[in-house]
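As a starting point, one isolated chain is supplied in structure tokens, in the form predicted alone.
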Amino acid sequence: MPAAQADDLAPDVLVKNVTREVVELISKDKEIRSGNRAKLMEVIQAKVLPHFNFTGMTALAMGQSWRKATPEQRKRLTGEFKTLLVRTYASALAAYSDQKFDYRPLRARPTDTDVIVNVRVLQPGAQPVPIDYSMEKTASGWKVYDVMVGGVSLVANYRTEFNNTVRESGIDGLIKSMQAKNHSLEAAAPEKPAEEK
């Protein structure tokens, strides 16, 4: 039922509701607060991922190379990029979970199908950190296709790296590189075993 309701929400309301819910879950969950990355990832997967267009994000990050990829390669690229972005986004949310969020008014017409939702993370004694969500209206509601944190696009951030890797070792080489990066990130952040229920 919540997913059906999310289809009808304005993009800024959707971002606000999801962010508040996830930050509240993070701040109240003792396991996540003590570093249980597996549990944090579960929360992100359940609450955040349905609102992201990972295929679109991967296509944007790949640029012209996306058209050269086979359907199977596209599927694998999207899966690996999704894992990479989820880790990055989970880390950012966990880092900011104690801060206050300022949800800026949406500057869009009701007919717009592509908008940017602006959020600022308010930090005591420091400049606010802008988080901008580029969103598009789809048949299943508004979906995020890029996130800019502090003015840096997550998608554009990977585009140069991806293009260089494709030039040097092809699309399969990029898939292997992304798999290696995901494995090393997984190994670098030891996950505490979930307590038995």
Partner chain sequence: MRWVFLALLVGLAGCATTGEGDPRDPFEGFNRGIYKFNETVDEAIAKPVATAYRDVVHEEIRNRVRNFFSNIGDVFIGVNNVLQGKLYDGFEDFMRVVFNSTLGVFGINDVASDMGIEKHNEDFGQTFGRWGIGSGPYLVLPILGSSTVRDGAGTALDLYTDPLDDVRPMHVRNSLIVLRLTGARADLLEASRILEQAALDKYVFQRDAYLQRRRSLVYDGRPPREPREEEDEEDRQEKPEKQEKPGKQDEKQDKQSNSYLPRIPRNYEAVMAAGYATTP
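Here, rigid core means the biggest group of C-alpha atoms that superpose within 1.5 Å across both forms. Numbering follows the first chain given and starts at 1. Bear in mind that the values here come from a model prediction, so they are computed numbers and not experimental data.
Keep in mind that the form predicted in complex with its partner chain is missing from the display, and what follows is about it.
Although the partner is absent here, L185 sits close enough that one of its heavy atoms falls within 4.5 Å of its partner chain in the predicted bound form.
At a distance threshold of 4.5 angstroms between non-hydrogen atoms, Q73 is out of contact with its partner chain in the predicted bound form.
At least one heavy atom of N164 is located within 4.5 Å of its partner chain in the predicted bound form. Taking the partner from the other structure, its partner chain in the predicted bound form has no heavy atom within 4.5 Å of any heavy atom of S34. Heavy atoms of every residue among L60, P128 and A156 are located within 4.5 Å of its partner chain in the predicted bound form. Contacts of stretch 49 to 71 with its partner chain in the predicted bound form, defined by any heavy atom lying within 4.5 Å, are made by N53, T55, G56, A59, L60, G63, Q64, W66, R67, K68, listed in sequence order.
Put the two forms on the same core and the Cα of Y96 is off by 2 Å or more between the shown form and the other one.
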